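The chain below stands alone, shown as structure tokens; this is the form predicted alone.
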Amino acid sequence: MWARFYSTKPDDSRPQSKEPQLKWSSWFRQVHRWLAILFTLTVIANFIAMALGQPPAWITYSPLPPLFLLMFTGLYMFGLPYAAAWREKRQPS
């Protein structure tokens, strides 16, 4: 259904400008992937620290910043297909 939106091929139906276009959605996807890796590593470090004894507070709370950033990038990507459909409806035929 949204295959056109997620396609990596350029859309030939839109006029191409000579200026390079920012690909915000692909940038957000890449950031989201790296944040997921960072979050996973901080959770693993947290479990290792807990196995060795009482961990310091900074290790205990270290997964939270990547988690919040993951939430924002995930919500952005979740809304992209809906925004594209809304923009399509608004364009005059």
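We number the residues from 1 along the sequence you see. Note that the coordinates shown come from a computational prediction; the quantities given were computed from them, not determined experimentally.
What comes next is about the form predicted in complex with a small molecule, which does not appear here.
Mapping the unseen interface onto this chain, residue 71 counts among the residues with a heavy atom inside 4.5 Å of the small molecule in the model of the complex. Put simply, residue 77 is close to the small molecule in the model of the complex: some heavy atom of it is within 4.5 Å. Though the partner is left out of this view, residue 67 does reach within 4.5 Å of the small molecule in the model of the complex, counting heavy atoms only. Although the partner is absent here, residue 40 lies within 4.5 Å of the small molecule in the model of the complex, judged by heavy atoms.
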